[in-house]
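Listed next as structure tokens is one chain, alone, in the form predicted alone.
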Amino acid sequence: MRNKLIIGIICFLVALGFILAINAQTAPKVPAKVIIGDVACLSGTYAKAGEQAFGGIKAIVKWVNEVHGGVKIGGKKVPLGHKYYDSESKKEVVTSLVERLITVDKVNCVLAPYSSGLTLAGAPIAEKYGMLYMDHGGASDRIFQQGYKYIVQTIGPGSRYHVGTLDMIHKIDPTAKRIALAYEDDEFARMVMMGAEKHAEKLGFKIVFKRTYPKKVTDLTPLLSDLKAAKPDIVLGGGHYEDGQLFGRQMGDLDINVKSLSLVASATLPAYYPALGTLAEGVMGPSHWEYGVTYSPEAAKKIGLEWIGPTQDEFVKLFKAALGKDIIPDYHAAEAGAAVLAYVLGIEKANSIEPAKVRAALDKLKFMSFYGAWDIDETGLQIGHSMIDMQWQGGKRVIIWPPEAATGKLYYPMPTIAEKAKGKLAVPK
């Protein structure tokens, strides 16, 4: 009898040990901290947009830690860390820093730098190490045509940037048929031009001018002189901040008057108006986010999406505190912050920090934040987020398209160069 009891106890202990061992093997590893690596553009060509993105990331990291309570893994909440370096907006520095963040700093994912070219530069390195690479500032569709498994986009694809603008013009002014396309010769801008040309032709517009200009251009006078001779109704173009500023200023120098001008990735920056003054009046730009959008927990609930993150006003407050500046964030800040929220939700859905598991969870993820809806296709391309169009009116950025997101009416046609010189503002009556 005594022997049977001893044998029973031994069997029980063996079974218990086996169960505990199995549980230990299957339980998620809970790190002391989840660390996101950031190849920021704090200096160089993309410093303006890079500063915005940096502020957006810092704002959301603070929200995750102080309001969300950390990142939930295995029933526990752990802090979210932010390890960053300045890429100087250079491709060779980006590749070096992505590898350093992965192999030396041992981060859990890498936030790609601003711009399509720099995002593409770092993608092969992240892919080589099987590291999740969160794209918040690389809009070129080509990024997602390379077969990479670990890149996930939050910003929308470049080919869609001017689609809404064309839809708006087509609806409000059927007589405006002559379109000029003038973009920077850059990975992102070429993709925007391709998408704009395709959609313009679909809507029945006539492309009367189409040309690219070199990166770091210092004089657009020859190109703009030819553009003026083509007599367009509408001008779509741009590339990044510096050339977009030059574009607007030299259109003024040459007295080029059109019904509408829309410039990508420049006109939407808060610094655009102070740089151009009243010359910026009436200039438009496609944007992924502007202050005043109506995304909210209630809006998410109505369409059956999960909500995460601060409200719009809470984000603005966090952003200003993060940069120590009293400026309103633009879409570069919002999309970078939303990329962090997507990563946090991906970890929590996967209940793991393993990149392959988080990537699989992101594939199934759909949610809404202050930035809007988020969803990706099987390549990682963003398909859930809709763009908006803004216009400078009286020195303020006003959302004018689509109607369901608009905070004001379009001023059309835009004031002439002579009218702007006299101080006329593009404020609708």
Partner chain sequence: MIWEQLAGNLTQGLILGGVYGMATMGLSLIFGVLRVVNVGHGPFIMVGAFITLWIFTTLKLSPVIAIPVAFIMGMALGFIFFYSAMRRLIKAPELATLLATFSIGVLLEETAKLIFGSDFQGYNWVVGKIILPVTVLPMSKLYALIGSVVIAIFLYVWFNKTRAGTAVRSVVEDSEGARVCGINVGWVYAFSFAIGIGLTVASGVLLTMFIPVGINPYMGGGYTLKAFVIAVLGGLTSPYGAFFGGLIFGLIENGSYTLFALMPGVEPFALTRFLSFFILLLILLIKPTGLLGGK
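Positions refer to the first chain, counted from 1. Treat the numbers as computed from the prediction; the structure is a model and nothing was measured.
The same protein also has a form predicted together with the partner chain, omitted here; what follows describes it.
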- [ ] Given the partner chain in the model of the complex, answer whether the residues Gly81, Glu99 and Tyr148 all have a heavy atom inside 4.5 Å of it.
- [x] no
Task: Segment assignment from 54-62, 41-49, 372-380, 400-408: heavy atom within 4.5 Å of the partner chain in the model of the complex - done: 41-49
Task: Among the candidates Met131, Val71, Val107, Leu276, the residue which, in the model of the complex, approaches the partner chain to within 4.5 Å (heavy atoms) - done: Leu276
Task: Answer option from Glu354, Glu242, Glu306, Glu314, heavy atom within 4.5 Å of the partner chain in the model of the complex - done: Glu242
Open item on the list: My question is simply whether Pro222 lines the interface with the partner chain in the model of the complex - judged by any non-hydrogen atom within 4.5 Å.
Closed with: yes
Open item on the list: Considering non-hydrogen atoms and a 4.5 Å limit, does the partner chain approach Tyr295 in the model of the complex?
Closed with: no
- [ ] Report whether the minimum heavy atom distance between Thr218 and the partner chain in the model of the complex is within 4.5 Å.
- [x] yes
- [ ] Flag Thr95 as yes or no: does it have a non-hydrogen atom within 4.5 angstroms of any non-hydrogen atom of the partner chain in the model of the complex?
- [x] no
Task: Stretch 174-194: residues contacting the partner chain in the model of the complex, 4.5 Å heavy atom cut-off - done: none
